[in-house]
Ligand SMILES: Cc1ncc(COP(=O)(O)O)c(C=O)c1O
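Taking the form predicted alone, here's one chain by itself in structure tokens.
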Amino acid sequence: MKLPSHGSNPSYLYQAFEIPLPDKIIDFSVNLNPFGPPLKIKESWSAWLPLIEDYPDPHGTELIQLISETEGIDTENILLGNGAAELISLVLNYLAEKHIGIIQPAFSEYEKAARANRCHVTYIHLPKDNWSLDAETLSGKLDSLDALFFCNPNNPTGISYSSAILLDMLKVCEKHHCYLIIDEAFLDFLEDGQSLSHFITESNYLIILRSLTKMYAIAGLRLGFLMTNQKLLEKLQRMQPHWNVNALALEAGKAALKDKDYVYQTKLYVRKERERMIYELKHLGYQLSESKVNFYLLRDPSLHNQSPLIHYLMQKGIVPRHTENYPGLNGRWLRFAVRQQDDNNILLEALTAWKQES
């Protein structure tokens, strides 16, 4: 059985499990802002339509300036991308045929892009069901690596690692002349988000990836950016296609970054709902990851593989994210997004019923 490699597009998951698609589904497999795009994007869509008649700004100058002001870093350290996925592929194209380490569990696109560029891939597994990180232990595994991918906050666990741990990792990587590539796609959901972005000018080995599609719920537009030192950025920029970011995405990015209250209110809501769900689900006997963002891992400890539970939920029109293609998880967990309260309550009712019936 070939399962889809990402969340969203739940019809593919129903096909894979050979379960009839219900008339109504709630998709917990896609971890975007539960409120949808900011109001400004919705209101401005018609006004932006004439932009599709001309080529977009190939440099994204206005958006890069806004990112520079938001992040407090220089514009020459910022590179726009057609979603974080393009930037991952770009970095691995630059690192073609090199030895790449991936701290697992992790987003599957790192490995996919690495193998597409003929890289040698090594897994570095975090401790099972704990996922703690020790830079000293990591040091002994970097001798043969040219680059190390690390997702913080982690996808799929939702766990966030401190800036002290990240700095220790960077020092270890620099000692081994190994690039540290930190994917911060979900950093915006942290109330106390800690990034190493202010260290990019001091390091020859630090690359930071960001996504604008998660917080602002514009995944269909594809928009992200990369931060690194100027010398490396210029090398990466020369490898990018012209006009890689479309005009509508550029406008949406500018509108999104100006809406500070939208981000603030989202963070408050996500924390409240996540903590409520985790409390209730633990009380029911489920095991959960200590997530700090807009999704979490869950497992019924009575099941080794969660396939019976995913079948049960899908038959009720509830779509989790399977973990069969996350090395180190291998189907032992399910990932759920934090959605709006009514949807979360439906999930809670279904998971309560599962415990009563099983």
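Each residue number is its position in the shown sequence, starting from 1. Bear in mind the structure is a predicted one, so any value in this text is a computation, not a measurement.
Unshown form predicted together with the ligand; subsequent notes refer to it.
This chain is drawn without the ligand; in the model of the complex, the residue among 199, 262, 107, 269 with a heavy atom within 4.5 Å of it is 107. With the partner omitted here, the residue from 102, 181, 252, 185 that has a non-hydrogen atom within 4.5 angstroms of the ligand in the model of the complex is 185. Looking at the ligand in the model of the complex, residues 79, 89 and 227 place no heavy atom within 4.5 Å of it. Residue contact with the ligand in the model of the complex: residue 157 places no heavy atom within 4.5 Å of it. In the model of the complex, no heavy atom of residue 207 sits within 4.5 Å of the ligand.
In the model of the complex, none of the heavy atoms of residue 232 sits within 4.5 Å of a heavy atom of the ligand.
Of the heavy atoms in residue 222, some are within 4.5 Å of the ligand in the model of the complex. Of the candidate stretches 158-166, 119-127, 210-218, 189-197, only 210-218 has residues with heavy atoms within 4.5 Å of the ligand in the model of the complex. Contacts of stretch 62-86 with the ligand in the model of the complex, defined by any heavy atom lying within 4.5 Å, are made by 83, 84, 85, listed in sequence order.
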